[in-house]
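In structure tokens, one chain follows: the form predicted on its own.
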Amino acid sequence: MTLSIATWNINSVRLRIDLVGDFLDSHQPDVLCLQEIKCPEANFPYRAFRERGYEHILVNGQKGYHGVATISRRPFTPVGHREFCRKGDARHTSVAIPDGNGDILVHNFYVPAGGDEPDPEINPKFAHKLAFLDEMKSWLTGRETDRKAILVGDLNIAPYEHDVWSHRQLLRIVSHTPVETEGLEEVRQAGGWLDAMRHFVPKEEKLYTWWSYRAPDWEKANKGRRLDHIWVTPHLGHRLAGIEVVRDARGWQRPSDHVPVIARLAAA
């Protein structure tokens, strides 16, 4: 079975449902994982997806904040949501998609942004982010990752030098500080995850998925960061067939500051 899976921090699914619909019509991924949907389950726009053939939907929502949703045109089995750091935040969901001999487990994550000050002693939001990474590292290993699995989402960290527009200038900016980048690498390595985007784009090349709203001309300034990620376990590494960053989406009317990223898996 071939599989295409997209991840997108939509920054309010109801506000941008027309953009999501246009994206599904034009790119037609099998699975779409959204983050920062900013609505509870009851207010999620299910109809807009089902009208396009995306009938399988799992939502972990929260009024006004956070929230993730996994939408698929292929049947899946809901696996559930994990609560991190005992905060009650809606930041994770997972589903199992049939894949011939066994399933593919798909994790959808929205890691905390961490606030503005990169000091956990004075910034509780940054302390929460580091604790979240620690919990991911302890959980996503062993039998949790010794299988066919994909991890996608807004991980709110740009781990490598060329994942940001200026490594030197962003070393003390939340999302690219050493404690964050090292923490995310520890999560990835603990589970043996493969970075699907960097599998196709060498680390020496610039690669972004987010451009700030603060830039008057985001495209000209191009001060981006790679905050959105797709990882696969080694059980799927040989099936990676391509990656696409839909950069044009940042220029759509009333866009999210993130753009969709699509990974494609070949048949087994």
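None of the values given here were measured: they were computed from a predicted structure. We number the residues from 1 along the sequence you see.
The next section is about a form of this same protein that is not shown, the form predicted together with the DNA.
### Task
Determine which one of 210 to 218, 231 to 239, 52 to 60, 195 to 203 lies within 4.5 Å of the DNA in the predicted complex, judging by heavy atom distances; exactly one does.
One stretch meets the cut-off, namely 210 to 218.
### Message
I need to confirm a contact call. Of 147, 172, 167, 125, which residue comes within 4.5 Å of the DNA in the predicted complex, counting heavy atoms only?
### Response
Only one option qualifies, and that one is 125.
### Query
Is residue 190 close enough to touch the DNA in the predicted complex, meaning at least one heavy atom pair within 4.5 Å?
Outside the cut-off, so no.
### Message
Check residue 109 for me: does it contact the DNA in the predicted complex (non-hydrogen atoms, 4.5 angstroms)?
### Response
No, residue 109 sits far enough from the DNA in the predicted complex that none of its heavy atoms falls within 4.5 Å.
### Message
Can you tell me whether residue 113 touches the DNA? I mean in the predicted complex, with a 4.5 angstroms heavy atom cut-off.
### Response
Judged by the heavy-atom cut-off of 4.5 Å, residue 113 is in contact with the DNA in the predicted complex.
### Task
State yes or no: in the predicted complex, is some non-hydrogen atom of residue 27 no more than 4.5 angstroms from a non-hydrogen atom of the DNA?
Contact with the DNA, no.
### Residues from 80 to 94 in contact with the DNA (non-hydrogen atom within 4.5 Å) in the predicted complex
The one in contact is 91.
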